[in-house]
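Single chain ahead, by itself, as structure tokens, in the form predicted on its own.
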């Protein structure tokens, strides 16, 4: 049959990214506690397209995804990108996977277990300059306003917020490690299920540890700066304010030189 995609195009314009977007697909990712976790990802897959070709073969993206869906992890993303480049005869490949990830958490006092959902993302690119892999987590947090606590005779306003932390690294890094780092850097972490004794603990813990969004991103940055494994990070904190119409926001991005040899 005629390969229309490989027919010549006379407009002489290269395309930076062409491919498939927003594919809902079951995948299996590494789980630190259970070995593996099945979830459903929203997947974007792209390659470059030279000006001489009319189009790319979209079905090959799905074929590659199907082959690797049981082994999706930061350490395996490079192999998938290599397969994309090879099968689609491209110079560069790019892939994004966004998925819900669940961790069982115990309530702080009662010990009641429940599943907590976190949105995670793997982003990978491969071209003639090398491979670039990034992991991102979105973590719900609680913050209590230091100003409100200072000026009020009793009480202080608190709110739920979200931290978005992205990292590039040398060695493999667990999703759970990144999430835990964030949860230890706010007024109090968030739980799916709390009994009365747990609610008392959470509200009092937040009151004893007031933090602005500025405090949250600085605390996370301070901890990451002490980790030789991380070569780059960006961290954004957003408070969904309880007494204001607006949200409060802070952001830090840093590139670092690793002090350990690459594995």
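Small disclaimer: the values here were computed from a predicted structure and weren't measured. Residue numbers count along the first chain shown, from 1.
One more form of this protein should be noted, the form predicted in complex with a further copy of the same chain, which is absent from this view; the next part is about it.
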Residue contact check: residue 152 to a further copy of the same chain in the predicted bound form, 4.5 Å heavy atom: yes
Contact between residue 111 and a further copy of the same chain in the predicted bound form at 4.5 Å, heavy atoms? no
Even though a further copy of the same chain is not shown here, does residue 78 get within 4.5 Å of it in the predicted bound form, heavy atoms only? no
Is there any non-hydrogen atom of residue 187 lying within 4.5 Å of a further copy of the same chain in the predicted bound form? no
Would you point out which of 78-86, 116-124, 174-182, 129-137 contains residues with a non-hydrogen atom within 4.5 Å of a further copy of the same chain in the predicted bound form? 116-124
Proximity to a further copy of the same chain in the predicted bound form, single hit among 95, 167, 145, 90 (heavy atom within 4.5 Å): 145
Listed by sequence position, which residues of 175-193 have a non-hydrogen atom within 4.5 angstroms of a further copy of the same chain in the predicted bound form? 190, 191, 192, 193
